[in-house]
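Just one chain follows, in the form predicted alone, and it is written as structure tokens.
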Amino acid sequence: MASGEEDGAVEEKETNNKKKRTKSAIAIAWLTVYNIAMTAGWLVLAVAMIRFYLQKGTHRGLYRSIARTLKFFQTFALLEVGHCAIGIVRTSVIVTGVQVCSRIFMVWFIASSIRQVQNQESVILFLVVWTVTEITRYSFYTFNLLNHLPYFIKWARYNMFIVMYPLGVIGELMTIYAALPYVRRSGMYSLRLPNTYNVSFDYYYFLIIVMLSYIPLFPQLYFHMLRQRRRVLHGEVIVEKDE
């Protein structure tokens, strides 16, 4: 009787292990396809931006020419929050959510909604930074999943952000700041009293709050990446508090 129970326990354990391996293989396959697609998407954006500038000789009109592609791939990145939530990627849902949602907000509710800012140099600044960063990041994930990670991609992933991240933030903040006068004059996305819902919302002041939120959020995300850099490139053991 004991032998039969032991055999049953062993078989159950083997079945569970097989299920775990299958789930792991499916997750790796999906993540590989996803990261290849996102690398290709941002490469398409990079080529489109370079081609536009070479043909036109100016950045004016560049955003409008790539807006549809940018909105698609940046919005598609919402899947990364889901990856964290279901556990196939071991990254904080909060950190990933803040990064992805802030990008989507910049694309949909600032750059695409307020045409007057689309030709600002600050828009081109954050677009270039995002493009270089995302090509590097998704390439890193792809090669890492395939177990063939070139050192230069690893180096770029954990060094370029030191400059790129602050430049991206500067571009985003300058773009929001440039949008403020247009938002105030138009009253876009604002809800004035009196109204049916008896609720007021001022998008102008909301954008100011968004800008102020960069003060506590940027250092946290930046130092998080610096800790990751020390761990990956220098092998330091970093003990972080649970989030």
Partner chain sequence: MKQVEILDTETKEQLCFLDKVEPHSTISDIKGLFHKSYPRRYPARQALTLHPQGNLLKDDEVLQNLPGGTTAKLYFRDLGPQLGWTMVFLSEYVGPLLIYLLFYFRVPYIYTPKYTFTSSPHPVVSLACACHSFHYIKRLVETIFVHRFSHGTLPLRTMLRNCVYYWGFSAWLAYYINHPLYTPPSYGERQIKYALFIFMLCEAGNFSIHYSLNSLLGEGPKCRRFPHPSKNPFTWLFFFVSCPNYTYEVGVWVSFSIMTQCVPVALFTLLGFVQMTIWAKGKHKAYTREFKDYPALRMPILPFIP
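Predicted model, so just to flag it, every value in this text is computed and none were measured. Positions refer to the first chain, counted from 1.
Just so it is clear, the following notes concern the form predicted together with the partner chain, a form of the same protein that is not shown.
For the candidate set Trp30, Tyr189, Tyr197, Tyr53, a heavy atom within 4.5 Å of the partner chain in the model of the complex is found for exactly one residue, namely Tyr197. Although the partner is absent here, Val44 sits far enough away that none of its heavy atoms falls within 4.5 Å of the partner chain in the model of the complex. A residue is said to contact a partner when one of its heavy atoms sits within 4.5 Å of a partner heavy atom; Leu212 fails this definition for the partner chain in the model of the complex, lying far away. For the chain shown alone, Leu193 is a contact residue for the partner chain in the model of the complex, at least one non-hydrogen atom being within 4.5 angstroms. Comparing 179-187, 198-206, 44-52, 61-69 against the partner chain in the model of the complex, the single stretch with non-hydrogen atoms within 4.5 angstroms of it is 198-206.
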